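Presented below, as structure tokens, is a lone chain in the form predicted on its own.
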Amino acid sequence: MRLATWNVNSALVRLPRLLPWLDERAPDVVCLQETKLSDEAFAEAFDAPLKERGYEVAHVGEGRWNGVALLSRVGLADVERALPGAPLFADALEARAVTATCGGLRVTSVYVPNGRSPDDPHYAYKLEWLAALRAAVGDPATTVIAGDMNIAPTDDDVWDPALFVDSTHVTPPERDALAALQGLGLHDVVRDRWPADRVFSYWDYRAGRFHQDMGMRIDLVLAGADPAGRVAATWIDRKARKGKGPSDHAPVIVDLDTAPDGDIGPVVPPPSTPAKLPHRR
């Protein structure tokens, strides 16, 4: 089984890239984030081409913002279209999680709130949302939580830790919430496979940050004992971040049971000395 997660930063904009990517990489289960479409608009644009490729689909959207989806060629059962116990923000339930059983695994596609800044109400909402996510985990052994966590687990997961002091994504409460989630028995399978490598999944569009590898690792696949024990390969699909009209995130791919020919590891560009620019995501 090949599982992938990708924050596409607008599914409709990324449609010309997403469908060829599905054909090329042939994932069995795909977690998408930031579709930025209503359920009706997603169905109109994607149901037919995804069905042609053998995917069942569960999408939860709200239109202009957020939106998550699960695509599966190995079954899509017991779909939950909201995170149980999820808090509201501005009196609204945001489209940030969808869960289903796919190939015997309980898979959740998540788009964790950004947090904006530590003194913003969105930050407290982020921590409450993460607490609800932890409480919603059923059997950790067969759980996979994949998506844009909007948290860099350690300082090794940002290109220059000094630039992120007092910013979201790296604060102790956020990292503690992520650690508590992993404490249920979930493994960060990319970091397990590449413990000492520079591995990023997100690069701001500005100032050539991708080409200088000024990135962050905030897109994670957290897997319980069953899938984690079956991991044969994990890799960041940097090719999908190149060329015309990419998302600012690259897909994270996990191969269970069988590795592709030549495990595709983190491909890091030559070292450079980039200008120190503030991060304002």
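Just count from 1 along the sequence shown to find any residue number. Quick caveat: nothing in here was measured; it's all calculated off a predicted structure.
Keep in mind that the form predicted together with the DNA is not shown, yet the notes after this line are about it.
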**Asked** Which pick from 162, 207, 93, 77 sits with a heavy atom within 4.5 Å of the DNA in the predicted complex?
**Response** 207
**Request:** Find the only residue in 116, 81, 187, 175 having a heavy atom within 4.5 Å of the DNA in the predicted complex.
**Result:** 116
**Message:** Please determine whether residue 36 contacts the DNA in the predicted complex, using a 4.5 Å cut-off between heavy atoms.
**Reply:** yes
**Prompt:** Is there a non-hydrogen atom of residue 122 within 4.5 angstroms of a non-hydrogen atom of the DNA in the predicted complex?
**Reply:** yes
**Request:** Using a 4.5 Å heavy atom cut-off, state whether residue 64 contacts the DNA in the predicted complex.
**Result:** yes
**Request:** Choose from 177 to 185, 198 to 206, 129 to 137, 100 to 108 the stretch whose residues reach within 4.5 Å of the DNA in the predicted complex, heavy atoms counted.
**Result:** 198 to 206
**Partner contacts in the predicted complex for 1 to 39 (non-hydrogen atom within 4.5 angstroms of the DNA)** = 9, 10, 13, 14, 34, 36
